[in-house]
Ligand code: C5P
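Single chain ahead, written as structure tokens, the form predicted alone.
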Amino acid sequence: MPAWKSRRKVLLGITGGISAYKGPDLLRALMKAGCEVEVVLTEEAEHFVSPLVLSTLAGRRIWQQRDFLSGDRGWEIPHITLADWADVVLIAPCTAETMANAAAGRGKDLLGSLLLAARSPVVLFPAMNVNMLAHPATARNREILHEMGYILAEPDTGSLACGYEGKGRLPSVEAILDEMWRALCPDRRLEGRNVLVTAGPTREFIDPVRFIGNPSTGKMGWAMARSAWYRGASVTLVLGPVPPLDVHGFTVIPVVSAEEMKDEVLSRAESMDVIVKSAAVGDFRSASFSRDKIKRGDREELQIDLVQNPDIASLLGERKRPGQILIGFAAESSDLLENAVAKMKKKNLDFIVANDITAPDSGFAGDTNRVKILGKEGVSGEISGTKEDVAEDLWGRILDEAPLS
């Protein structure tokens, strides 16, 4: 886990929507992530989730409306002390009423006054009926809150508790945590930038059931995409066929073959500020495709003629516009630095990230990686750890050495 994620102080506000019942799951996830959590529960939310359940999970007494101006706890001035304490404020779910009160600057209750006093990032997770969400008053309040500096996460689309289908669901716990990390990320050098990342393998089919592929799971590319998104980037992830990944916040373009990946990448390359080529693209494909399954029959051998796939990184290097940063990855089994340097020069890359796929803590499918990053000035050093740690360190070094103009 990156250092900036460690032991963050989170104020979790739960308001009176049906999805308040997810509050205990969210609280547990925050605590599992190493966060210290204080919970503020509105009076309306108490109809949906038990204060005792939340306080038991939190291991401390939670804050309720009765604590606001009471003789028991009012002297603690909770709306000020909690606002000063928090690194980030999450309101999940955030009802239409809560949004209206925040937009109007009302401080009639504990949560409203706390929002007025907060100086740390405030992330709101609107959750309500689809028609309530689309109402002009709600739309206007969202605009006002955005102008005031609140961060408003987009609700999910699907089945709502009221029986409707549409936009208005509280996002998953994982998505809520991702939005929180994005709000807390101290490095905003990719704010407003367009970043394209390729990830995963390609599959080059020989017949309807067989293909040439590799064991890439896309985890390293996904980590690079997520770390870029944390830094404020608008991220497009061109993703080969992999097991499901949590891709909240990205535009995901699924592809299968190297040709498909090439077409999708080149069609978007011109508008990108940074392109990260971390996919394990197959170098070769079958020269012909059999529309029928190839039968074993009595044959002892099967010969397949292979032809080269397009070199996407080289094509990007040829078209690279001024100011654009192009980052490649090199998975090698021998002569790591020599091969990486040759690839970087040949493909006109600004950086190349090289890893030895034979090392036990590096390469395909694992959760850790060990890489060397090379730039125009030479080797910047070795980075190791989880793939998230590696991605965080890579972005720091890349943006230090080649700041975006």
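Just count from 1 along the sequence shown to find any residue number. Computed from a prediction, not measured in an experiment: that's the story for all the values here.
Heads up, the form predicted together with cytidine-5'-monophosphate (C5P) isn't pictured, but that's what we're talking about next.
Heavy atoms within 4.5 Å of cytidine-5'-monophosphate (C5P) in the model of the complex are found in exactly one of 220-228, 113-121, 144-152, 271-279, that being 271-279. Although the partner is absent from this view, G328 contacts cytidine-5'-monophosphate (C5P) in the model of the complex, with a non-hydrogen atom inside 4.5 angstroms. For I312, a non-hydrogen atom is located within 4.5 Å of cytidine-5'-monophosphate (C5P) in the model of the complex, even though that partner is not displayed. By the criterion of a heavy atom within 4.5 Å, K347 is counted among the residues contacting cytidine-5'-monophosphate (C5P) in the model of the complex. Heavy atoms of E260 never reach within 4.5 Å of cytidine-5'-monophosphate (C5P) in the model of the complex, leaving it off the interface.
Among the residues D87, D156, D283, E76, the one placing a heavy atom within 4.5 Å of cytidine-5'-monophosphate (C5P) in the model of the complex is D283.
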